[in-house]
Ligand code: PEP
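The data below hold one chain only, encoded as structure tokens and taken in the form predicted alone.
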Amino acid sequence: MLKFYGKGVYGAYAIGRASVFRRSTAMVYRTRITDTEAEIRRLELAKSRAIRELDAIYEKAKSEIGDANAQIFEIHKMMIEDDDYNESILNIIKTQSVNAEFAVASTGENFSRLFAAMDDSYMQARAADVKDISNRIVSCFVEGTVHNNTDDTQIILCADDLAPSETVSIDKSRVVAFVTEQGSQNSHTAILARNMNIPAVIGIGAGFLAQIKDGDLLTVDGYSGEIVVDPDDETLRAVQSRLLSDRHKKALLQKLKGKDNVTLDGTHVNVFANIGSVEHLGAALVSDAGGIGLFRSEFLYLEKSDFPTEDEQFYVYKKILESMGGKKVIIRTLDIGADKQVDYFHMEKEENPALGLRAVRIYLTRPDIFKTQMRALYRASVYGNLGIMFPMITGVRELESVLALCKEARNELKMSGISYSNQIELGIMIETPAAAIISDLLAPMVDFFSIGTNDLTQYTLACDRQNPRVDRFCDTHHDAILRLIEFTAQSAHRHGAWVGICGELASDVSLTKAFLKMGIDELSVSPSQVLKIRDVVRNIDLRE
């Protein structure tokens, strides 16, 4: 019996037979050619085929995990047409008189190494993307990728790493979990695994694959990240028991639909859902969420090749508000920057984008973008119960400037005779220590706070949330973070504002009671966590 440990990216248990993922990317040999133009035509045909394959993968991903999460494959298509990437391939073909597949493979390796060597963790993650698209183009010259699966129904896919396209291509009717040697919790693959509800453990480390073979019995603990190879009877029985118990608990949670989120002592808390696109509305409704605590509007921009128009945004916001049938919907204004880059914004490259021009700082330097979004939001407000919140506020003057732009947007609508609701709540995200420390000054200016614990943790502990190398230093329960949250809650209530949490800590059940004692009024979590939080809330007694 062997044990390995990695990072769990989706909490669930699995038992199955190992299937070691092997790519049959045939050896790419360097061949001298005489007709470079014919070779370039071969390249264009292979690229066209690769794009058609990505179109098919995109459609499959969109139906399974929603349009926003499937956008990575649209980005892959754009990367295939990238000028620098193609210029390198063509240069190798023309100057070295070599075959196209060799030029593609060489360029893929060169670009991948270049990205991997960068200090920017976002760019490091792109190394896997450029390798994926290069392998795909090469596979259009030769035989493509295959999975060396066993005949067992319950398969645990084991790999050095999985590209996003490989993850989406997994047959969920057979694959009950996957395990990788590499990867970070913020990689595209990890995000896709969470959205596909596949138990997954990543980052086990080199050497794992050398110690397993096809057909080995494995147990996977997606909570703790533990992998057991060839478990003994006692271990197997324990995991089987936890697996059945986990399924039973999830079934019991369904009985909580329609119940109130009220503690044993009568304290009420709102339990809302975080979503990133219209496609996720169904999950929020099925989970019986009390409202939408965070709609990430930046996905409207990430999935476009140009700025979404006011009308395009209006129709999306209108649909969300109408679909929620009067329940509160809080839409976060554009949060572009840091790890969320959009080419058509033409942002200059920054040494540290997490500390650079992002979110509200973009609004104040390019107010036309912000006012377009605000006009769309105000227009949609008559169709439901809307709240709007602004990310990355760090000071009073910033907030005053943002509120002034909101007033300008309202006045422009008035001048055009367009109506909007006067019942909109305006709030801000508390995600920097600066905002938390002066929350007593900010609270009188807004209706609510929503605490973004992911960024608050990053900025408080100086731990880059995109960098897996500092994961072990990132203590999400650090006293400094909890004190900032408590002080923010006190400031809000002292000035008549309410306060919620929409970051990952909102679903950390070990902190739920502490948050309610601090006075947190709302917890906004992924749709799959809504009933779990409701269950915890209903068993808390704050008098104890």
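Sequential numbering from 1, following the sequence displayed. These figures come from a predicted structure and were not determined experimentally.
Another form, the form predicted together with the named molecule, is not on view; read the next lines as being about it.
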{"property": "Contact stretch among 215 to 223, 380 to 388, 100 to 108, 448 to 456 - heavy atom within 4.5 Å of the named molecule in the predicted complex", "result": "448 to 456"}
{"property": "280, 465, 76, 375 - the one with a heavy atom within 4.5 Å of the named molecule in the predicted complex", "result": "465"}
{"property": "Among the candidates 409, 435, 177, 294, the residue which, in the predicted complex, approaches the named molecule to within 4.5 Å (heavy atoms)", "result": "294"}
{"property": "is_contact(residue 335, the named molecule) in the predicted complex, heavy atom dist at most 4.5 Å", "result": "yes"}
{"property": "is_contact(residue 358, the named molecule) in the predicted complex, heavy atom dist at most 4.5 Å", "result": "yes"}
{"property": "Partner proximity in the predicted complex: residue 393 to the named molecule, non-hydrogen atom cutoff 4.5 Å", "result": "no"}
{"property": "Residue 499 within 4.5 Å of the named molecule in the predicted complex, heavy atoms", "result": "no"}
{"property": "Interface residues of 403 to 438 toward the named molecule, as seen in the predicted complex [heavy atoms, 4.5 Å]", "result": "429, 431"}
